[in-house]
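Quick heads-up: it's one chain on its own, the form predicted alone, in structure tokens.
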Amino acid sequence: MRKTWRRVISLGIAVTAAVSMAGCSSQSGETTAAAASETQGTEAESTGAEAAETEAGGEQVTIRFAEHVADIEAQNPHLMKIIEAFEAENPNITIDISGREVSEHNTQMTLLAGEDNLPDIFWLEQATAREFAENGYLYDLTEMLDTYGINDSLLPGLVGSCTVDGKDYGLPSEVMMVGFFYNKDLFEQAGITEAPITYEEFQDAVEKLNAAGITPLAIGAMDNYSCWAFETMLARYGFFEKLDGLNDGSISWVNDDFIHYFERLQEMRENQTFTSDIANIGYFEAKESFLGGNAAMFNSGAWDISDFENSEIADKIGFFWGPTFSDSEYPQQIGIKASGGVYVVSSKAAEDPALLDAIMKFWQFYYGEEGTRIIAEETFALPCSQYNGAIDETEHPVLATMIAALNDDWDAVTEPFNSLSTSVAYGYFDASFGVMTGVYSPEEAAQYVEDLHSMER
């Protein structure tokens, strides 16, 4: 039975997700932010640093932090608030944070790894983090997570967010929940009384929306990572049951179930489900279209809660997990409820005991009571750690909706992306968008991913 939520909803979340997003994505450009207030003049800086060191009783430490969003203050406001609060409590520690759009960030981290010049802490997708760990670029956090009590603070389902040979190399950056958001007013205008569950109901909703002159689903193919809700659809066609075989070559991507998955995407294109200019826009343009009331649905995840809460349609936004399929023999009542990308520590940074201690103190604060409170109460996002406060459903309807979905009776699965190598994962995204834009047939799309995967076996 689904849980019933009152007007004030508790955030004492018990996540039972198996742990694994292409996480939250971001706009182009770069920002560098210093969370502490700047002192004026060389003398003032020297005096301030000496005073801070004396007060803290330790040496001055600077942590270099690289994020995967371009405008950190706008896109990850909780992070800036937490850094500011942490620095106020630890005046001998400074967080020097910089941000880039996700694809630029990924490229930059790969380059810096090759130069042995990685930041002290930084964000990675799980697949890339595992590759970095195997190559010796990352610090094994296993012992420190217990020493600093961080695992005790995390939601149970987010412990062990990135492991290699049983060792922890990453901390969850966000609760990864993805699906379809929808505009209740536009659904009502089209005569749709409730969110669709089955594929047939989804297609019926699309037909009604098109008949009413309403774009059904805003989505942009220029950002190939923005394929999150469709990953759940792939899982409903047996992705996880086939994963071992896909990896050892005993199962090909060119199988009946995956062909059916790609066929559903082709049918959606033919039925005019997607934005007409899908090939010429990206994730942010699609989101703007949805929030502007120009599309009835949008494929996204929990990271957009803040933007949705601040929109003019906040109280009109609903959420569902995406269509289920009667032609599949695999579990259908599933949703991606797991860890998004992860924060990692470079092995080089860990060679400095004072720096490593400062880093772990920051994570201890971030996932501790105060950091969790800031995330939940000041930026109204889903924290990765345990929080027992209360959120007013009438003031924060989108957050309340996502809490309800997080704790519903649909089984949790991880994101398929994080179970594949970076090359194969992005190849799957390219194949999916290729079908959505008419570039690939279902068979060609499956063969494209199979060719990429076969090179790694």
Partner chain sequence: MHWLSTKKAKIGLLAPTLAVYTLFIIVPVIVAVYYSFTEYSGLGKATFTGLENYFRMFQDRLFLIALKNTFLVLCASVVFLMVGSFLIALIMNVDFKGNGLFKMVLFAPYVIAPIIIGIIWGYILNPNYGLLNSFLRAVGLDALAIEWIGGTTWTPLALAIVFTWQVLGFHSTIFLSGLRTIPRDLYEAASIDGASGIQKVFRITLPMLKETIMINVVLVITGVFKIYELVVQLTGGGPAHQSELLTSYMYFTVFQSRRYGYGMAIAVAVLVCSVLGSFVYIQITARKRREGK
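In this text, all values refer to a predicted model and were calculated from it rather than measured experimentally. Numbering follows the first chain given and starts at 1.
Unshown form predicted together with the partner chain; subsequent notes refer to it.
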Exercise. Indicate whether residue 110 is a 4.5 Å heavy atom neighbour of the partner chain in the model of the complex.
Key: yes
Quiz item: Does the partner chain get within 4.5 angstroms of any non-hydrogen atom of residue 419 in the model of the complex?
Solution: no
Quiz item: Contact between residue 135 and the partner chain in the model of the complex at 4.5 Å, heavy atoms?
Solution: yes
Exercise. Would you please decide whether residue 442 lies within 4.5 angstroms of the partner chain in the model of the complex, comparing each non-hydrogen atom pair?
Key: no
Quiz item: Of 71, 201, 277, 309, which residue is found within 4.5 angstroms of the partner chain in the model of the complex when only non-hydrogen atoms are counted?
Solution: 277
Quiz item: Does each of 131, 437 and 452 have at least one heavy atom within 4.5 Å of the partner chain in the model of the complex?
Solution: yes
Practice problem: With the partner chain left out here, work out from 78-86, 331-339, 363-371, 111-119 which stretch has heavy atoms within 4.5 Å of it in the model of the complex. | Solution: 111-119
Practice problem: Go through 405-436 residue by residue and record those having a heavy atom within 4.5 Å of the partner chain in the model of the complex; state none if no residue qualifies. | Solution: 422, 423, 426, 430, 434
